[in-house]
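Heads up, the chain below is alone and in the form predicted on its own; it's given as structure tokens.
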Amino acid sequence: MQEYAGRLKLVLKHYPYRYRDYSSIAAQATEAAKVQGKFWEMHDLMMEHKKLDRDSLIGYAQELGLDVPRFQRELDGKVYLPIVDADVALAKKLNFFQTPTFVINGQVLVGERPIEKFRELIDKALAKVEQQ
């Protein structure tokens, strides 16, 4: 994103793994943090600590300085579950069943790939746009 600053748009969609106990609540937690301006910070803490149970998520919210009672209320009330469910429905509609899956200007990349592959597709897409 830094390399192509101002030329790319990143859209993240949730696809919680259905066989992992806490993946749905973790996705909801990122959305709850997002409304308080800390989506990526919450994401990064979850990836760093790898604990996704409710108590850990609340601890991360405290660590980030979020409004914890609000965060907890929204998490317990499943306020953001419809967003997560809509993302899952979209993935199924597009026949995406693996994470990570990336779409770059219509080109699908499944799984982890070297950065060079991303650059190749991004450069090709940007060249096409610049020709128009």
Partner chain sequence: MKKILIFLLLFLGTLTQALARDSVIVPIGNSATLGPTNAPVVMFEFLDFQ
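Positions refer to the first chain, counted from 1. Treat the numbers as computed from the prediction; the structure is a model and nothing was measured.
Keep in mind the form predicted together with its partner chain is missing from the figure; the text below concerns it.
- Comment: its partner chain is not present in this chain, but in the predicted bound form one of Q72, Q36, T30, S56 has a heavy atom within 4.5 Å of it, namely T30.
- When you look in the predicted bound form, the only residue of G77, G65, P82, P100 with a non-hydrogen atom within 4.5 Å of its partner chain is P100.
- Looking at E120, you'd find every heavy atom of it more than 4.5 angstroms from its partner chain in the predicted bound form.
- Not displayed here, its partner chain is kept clear of A61 by more than 4.5 Å at the level of heavy atoms in the predicted bound form.
- In the predicted bound form, the residues of 99 to 116 lying within 4.5 Å of its partner chain by at least one heavy atom are, in order, T99, P100, T101, F102, V103, I104, N105, G106, Q107, V108, V110.
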